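Shown below, as structure tokens, is a lone chain in the form predicted alone; questions about how it binds or moves come after it.
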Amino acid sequence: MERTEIIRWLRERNPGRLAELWAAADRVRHDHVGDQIYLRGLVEVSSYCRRNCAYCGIRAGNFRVERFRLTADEVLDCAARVADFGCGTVVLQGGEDPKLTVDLVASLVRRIKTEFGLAVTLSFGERPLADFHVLRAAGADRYLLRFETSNPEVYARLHPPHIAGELPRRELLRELHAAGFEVGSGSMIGLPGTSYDDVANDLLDFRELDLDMIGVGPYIPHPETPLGSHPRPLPPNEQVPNDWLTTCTVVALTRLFCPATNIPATTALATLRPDGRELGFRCGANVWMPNFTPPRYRASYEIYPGKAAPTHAELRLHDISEILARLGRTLGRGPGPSPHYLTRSVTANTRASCSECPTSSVATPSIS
């Protein structure tokens, strides 16, 4: 698919035409990752963060947020509930909290692997390169680090100046590959100042970065952030909207560009619409991340307001199975690694790019 066609799809608003795109993406999803939807139990470990990113509600400069940090016992209790619920993976997520030392996180990973047999995904932002190797040796399976936008000027406005001696995010993603992680990244749709051309570049970068997991969700402004209170959007005909329709289109295009990756139906999409998660599954997603953060802390992990993330206590496995049945999908068992990652693993010294994954026989509808 050429860049011009990507941009045409991103601008498309006709429901009938978009239904063709989503159906094509869903067929590719069926062919390359199957009909199973895998559960990842999310545990938000800490709302402390050393960074001052302009879009994030737990940025260091937000003095109105109530901070928390789970104890090791609380994290392990959450992991036990993740396992009991039937998830094959626990996702430990948090801000760049200096007190989440590499030794502490590595200890948690080892205990979770030993006591519960879960795959472990980590998402703690940028860390020293040596930390990644320690965490991988401890048994961590996956690492999530979103690059947010391919536009370097917008990225520079969103993030504080880079810390001396630390690698930029794109280089860190390559080092995560080298360390043997299943690597996840992604972008936010509709960040103020991002154009349709920027989102086309995001899609091309997903493939170039050889990602195993790709998360795309709408930008939802937080009023206690610089970007939320003083956005700098482009003119309406250039600015990408942060709506559910555009997000679903990007999910579908992501599936077509990277057929064998794992793609979650994000909480941010479900925040915009009650059926947002189901829409994500209909246009190519295959991962669901129920939230297992203890309810008394969950409101304090407000990256964006109004987060729609029911906890295990609010959502039963039976409810999830019923939703999946309506979609013609089944519940995946076990860790559910990305087929793309498995392909890379069996060709250890010749890392395949997304373009070398098996391509779909489903023709992508074109825009005339």
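Residue positions are given as counts along the sequence shown, with the first one as 1. Keep in mind the model is a prediction, meaning the values are calculated, not measured.
Although not depicted, the form predicted in complex with ligand SAH is the subject of the following passage.
In plain terms, the part of the chain that comes close to ligand SAH in the predicted complex, with a heavy atom within 4.5 Å, is 88 to 96 out of 88 to 96, 250 to 258, 111 to 119, 68 to 76.
Judged against ligand SAH in the predicted complex with a 4.5 angstroms heavy atom cut-off, the residues Arg40, Pro264 and Thr293 are out of contact without exception. Among the residues Phe132, Trp288, Phe206, Tyr219, the one placing a heavy atom within 4.5 Å of ligand SAH in the predicted complex is Tyr219. Of the residues Arg169, His177, Arg273, Arg81, just one reaches ligand SAH in the predicted complex with a heavy atom at 4.5 Å or closer; this is Arg169.
Proximity of Glu148 to ligand SAH in the predicted complex falls within the 4.5 Å heavy atom cutoff. In the predicted complex, ligand SAH stays beyond 4.5 Å of every heavy atom belonging to Asn201. Residue contact check for Ser123: one or more of its heavy atoms lie within 4.5 Å of ligand SAH in the predicted complex. Looking at Tyr301, you'd find a heavy atom of it within 4.5 angstroms of ligand SAH in the predicted complex.
Contacts to ligand SAH in the predicted complex (heavy atom within 4.5 Å) from stretch 42 to 77: Tyr55, Cys56.
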